[in-house]
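Below, in structure tokens: the form predicted alone, a single chain.
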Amino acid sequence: MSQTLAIVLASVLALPALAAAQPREVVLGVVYPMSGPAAQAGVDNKAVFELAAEIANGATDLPFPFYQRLKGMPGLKGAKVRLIFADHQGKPDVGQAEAERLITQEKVTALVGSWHSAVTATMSQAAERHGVPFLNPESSSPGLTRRGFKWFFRTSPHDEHFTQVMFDFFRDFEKKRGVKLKTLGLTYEDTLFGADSGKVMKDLAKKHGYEVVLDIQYRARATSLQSEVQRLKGANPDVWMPTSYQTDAILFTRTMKELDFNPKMIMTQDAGHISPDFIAAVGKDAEGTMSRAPFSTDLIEKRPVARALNVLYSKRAGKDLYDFPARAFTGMMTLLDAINRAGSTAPDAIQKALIATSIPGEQLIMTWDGVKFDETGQNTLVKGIILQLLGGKYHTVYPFDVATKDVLYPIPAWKDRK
């Protein structure tokens, strides 16, 4: 064989390898509740996930440096991002089955999900077994990043971050208003989300010198909460701190009114109490409810990136950005950035890129300091804020230096409401 022929033959044989190194598609599995009690979260997030894919594909423009760098996925020579959506219905076993299907049959590059902490736990176990990157934008159980997993990454704060900002608020509010909050009443549902939230609240209450006068773990999706509300009314804590998904949050509010329970302060763990369908269902009856959060709609105008994305999102979803889609977008863009920097769809290359992630806060729609993962896969640059439902909308009330409204306290009794 001549030397020239050998070179030609070697070049031809190398073509498949080159083609494999430059994939035409980046296929991502996105698993959220699209049906069931929490379906609104999946529906609202779907629109922002689609926008993220369009930004990466060059079909939609977000004119800020971080997003411009991802336009057309230059690290993968223009490979197109394709999303495969799946519905876990809020059920851990369904989520695990969908994760297995997406990995083994659809051959996804990575998984994104899945809102419920309990579902995220089972899905990420499947991803860990298969060695597939899993990006979690919002599940708040602290234990998710304490399992020693190598393929799990969370961009959002967890319950310890969120609950700490609640106690920071209590301390600063007491000083600002000259009041003393001494007693807490805790209610939390019996999934992983509720159990972990309850533990964190009790630990921090003890640390900061508050007395827990009522501690109730109730059955998720309960059909009656009269007993729980009667006990709350009897204990009469200075602050009621519930952890609930939508259906329970709605039922608690309706039962409170029915039984004339008048808490002076309500501090919730986001989730059901922040959802638009909760607000639509109970309206003014939830006036004064506070929640921890990583994002607030009323801060959009203060952040140019958030303002530009909100124009795109509101046209597609028919509503403004709020907590759920804001966190979903941030998580998805973090993953797309890592894949682009990796220049490959190989799992280990994406994993290394995620570990090396360093996104400055000014490029985010969130009010965080940025995105940077520690050795557990937790974003260490997160921040929490406190919101209060006033006039049918949530407004930022803490930290006080970025607040858009003053705190309503005490919440008016039912008899004094117009």
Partner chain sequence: MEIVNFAHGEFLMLAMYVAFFAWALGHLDPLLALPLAVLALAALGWATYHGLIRWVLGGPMLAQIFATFGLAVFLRAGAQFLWGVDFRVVQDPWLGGRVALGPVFVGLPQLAASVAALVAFLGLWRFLARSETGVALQATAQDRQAAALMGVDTDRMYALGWALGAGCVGAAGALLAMYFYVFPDVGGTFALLAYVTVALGGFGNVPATLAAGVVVGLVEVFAGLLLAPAIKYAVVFLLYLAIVLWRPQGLFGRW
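Residue numbers count along the first chain shown, from 1. Source: prediction; values computed, not measured.
Separately, the form predicted in complex with its partner chain exists; it is not shown, and the next lines address it.
> Its partner chain isn't shown here, but in the predicted bound form, which of 326 to 334, 196 to 204, 216 to 224, 118 to 126 has heavy atoms within 4.5 Å of it?
Looking at the other structure, the answer is 216 to 224.
> Taking any heavy atom pair closer than or equal to 4.5 Å as contact, tell me whether residue 230 reaches its partner chain in the predicted bound form.
The answer is yes: residue 230 has a heavy atom within 4.5 Å of its partner chain.
> Answer with yes or no whether residue 57 is in contact with its partner chain in the predicted bound form, where contact means some heavy atom within 4.5 Å.
Flag for residue 57 set to no.
> Is residue 35 part of the interface with its partner chain in the predicted bound form - any heavy atom within 4.5 Å?
Answer yes; at least one heavy atom of residue 35 falls within 4.5 Å of its partner chain in the predicted bound form.
> Do residue 277 and its partner chain share at least one heavy atom pair within 4.5 Å in the predicted bound form?
Residue 277 belongs to the contact set for its partner chain.
> Pick from 174, 211, 301, 258: which residue has any heavy atom within 4.5 angstroms of its partner chain in the predicted bound form?
Of the listed residues, the single hit is 258.
> Quick one: from 247, 191, 345, 145, grab the residue that has a heavy atom within 4.5 Å of its partner chain in the predicted bound form.
Of the candidates 247, 191, 345, 145, 247 is the one lying within 4.5 Å of its partner chain in the predicted bound form.
> Would all three of 39, 43 and 281 be in contact with its partner chain in the predicted bound form, where contact means some heavy atom lies within 4.5 Å?
Yes, the whole trio is in contact, each within 4.5 Å by some heavy atom.
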